[in-house]
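Only one chain comes next, encoded as structure tokens, the form predicted on its own.
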């Protein structure tokens, strides 16, 4: 057990934890988006989807708690690595980091990670930790997205998620050992496509519910 704890505390262990939790996060976003797309089928279809979720009982609570736990682990570990990198390189490079091919996603990972964690907490407060005996999730969505600031907030938050995923997706495969010149370009391309799908799929929902539905 001591060797396992020591491994998790090492730089490789921290990066591996970030990769695994990041992969779980991407899988969750994909499943969550598929479920949320039932909104476009109307109120009855969406409520049927929600009812099927609630039928799973405690499993949903476990999944949501797990998501929040993974997010905390992912963000805290990322911040620790970010701080350790700063400590190891106290003097900034004179040449711009972007000259080495860095992207917006890669250069903002620590910051977007913190913003995503804050977003998850607000999202759970708006749609999970509510009195379900008084209002349905559908009603909560209508109420929340009837306010323009919330529409802007949620749309902006989803864009932040997409930026994070655009770099994090291929980076996690690199950490897991899939760094090969033959298929890494395809993985990077898939990461970009996935981030665009998340941005468009989740980002349009607040607009649709607030102004079209």
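Positions refer to the first chain, counted from 1. Owing to the predicted nature of the structure, the values given are computational and were not obtained by experimental measurement.
There is another form of the same protein, the form predicted in complex with a small molecule; it is not shown, and what comes next is about it.
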Though only this chain appears here, would residue 19 touch the small molecule in the predicted complex if you measure heavy atom gaps against 4.5 Å? yes
Is there a non-hydrogen atom of residue 38 within 4.5 angstroms of a non-hydrogen atom of the small molecule in the predicted complex? no
Please check if residue 26 has a heavy atom lying within 4.5 Å of any heavy atom of the small molecule in the predicted complex. yes
Would you please decide whether residue 137 lies within 4.5 angstroms of the small molecule in the predicted complex, comparing each non-hydrogen atom pair? no
Please determine whether each residue of 117, 168 and 171 possesses a non-hydrogen atom within 4.5 angstroms of the small molecule in the predicted complex. yes
Candidate from 104, 124, 86, 79 lying within 4.5 Å of the small molecule in the predicted complex - any heavy atom: 79
Report the stretch among 44-52, 59-67, 140-148, 156-164 that approaches the small molecule in the predicted complex to within 4.5 Å, counting heavy atoms only. 156-164
